[in-house]
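First, one chain by itself in structure tokens, the form predicted alone.
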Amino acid sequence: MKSSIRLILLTFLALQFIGCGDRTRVRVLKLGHSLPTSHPVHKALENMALQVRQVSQGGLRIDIYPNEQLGSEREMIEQVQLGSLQIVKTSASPLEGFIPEMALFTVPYAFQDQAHLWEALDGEIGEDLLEAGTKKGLVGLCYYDAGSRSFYTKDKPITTPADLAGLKIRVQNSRTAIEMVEAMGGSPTPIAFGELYTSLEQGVVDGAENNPPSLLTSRHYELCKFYSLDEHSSVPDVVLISEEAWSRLTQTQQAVIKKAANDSAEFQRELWIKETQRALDELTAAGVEISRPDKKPFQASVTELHKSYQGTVIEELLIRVKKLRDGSPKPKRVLPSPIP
């Protein structure tokens, strides 16, 4: 039934698109991201691009530039703001420098588990955050699953926060991520993802933190043989389009892109679960020592960090997130109709 409804919607969208203008004119949208082509996120973006091309009858095309070809995540976000790049897939962490509310996701242990995270993302909280960047020239399209971030290191496992003492840990360009590692006793070092392998190899940093598929596809496991699943934060990826580019699209074109983004997010979420388990299996086979330390000491180490958000928009969001698990009503996000 779900497949039949989707087929009907896609067919109707295609018919709508045919009548919206000159079909010989192709609108090309450039999309940049920082991950390799083997990553499940890239596969989801390809899924999105394929649907856009098919439904628009070739009138819209998304060209994908992976591996930081167009710059770091922060640089690509700035390009999207300026309109020189149309779409970016970025982690929510560097987005907090542009949309302060996005810092919610980097707050350590803000969510009890992945189910709790998706309650927030699929509801009003997630929709509010996607809309928050519009005034900054960033129109949110959807979220991709990026699992939970954990520490991986070169010389020893991280079993308690005390093990981070004296270690330089690569973090994303995020104030919250920096404050988190500092609170746990480590030395945070912001480095672009594309530069991290060399930085690990040359001893610029002693470790980093990320999810299993990223550890595998980046080949950082060749240098870091200890992976400690403390799962300190659940930071989703976000797909955004330039407000300038968005405003130049017809309502039908916007609907095509929005639906393709949402469908690719569903595709990516299912793929992510499989790829995470596969990554853990392959990391183990490659000789990586994977451990699951007690989370309580890590949670205790960031208590003061949580208190520092009092009186800020992050505190308000944390209260809303907590209510999702307190038996309060859980409003679901209602997606707009794909047909204008």
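Numbering starts at 1 and runs along the sequence shown. These numbers were taken from a predicted model, which means no experiment stands behind them.
Keep in mind the form predicted in complex with a small molecule is missing from the figure; the text below concerns it.
- Interface membership of Ser150, defined by any non-hydrogen atom within 4.5 Å of the small molecule in the model of the complex, is ruled out.
- Ser228 falls outside the set of residues with a heavy atom inside 4.5 Å of the small molecule in the model of the complex.
- For His232, no non-hydrogen atom is located within 4.5 Å of the small molecule in the model of the complex, even though that partner is not displayed.
- Contact annotation: Gln172 falls within 4.5 Å of the small molecule in the model of the complex, judged by heavy atom distances.
- For the options Ser264, Gln253, Ser214, Gln86, the residue carrying a heavy atom within 4.5 angstroms of the small molecule in the model of the complex is Ser214.
- With the partner omitted here, the residue from Phe193, Trp246, Tyr221, Phe98 that has a non-hydrogen atom within 4.5 angstroms of the small molecule in the model of the complex is Phe193.
- Listed stretches are 57-65, 296-304, 282-290, 30-38; the contact stretch with the small molecule in the model of the complex is 30-38, by a heavy atom cutoff of 4.5 Å.
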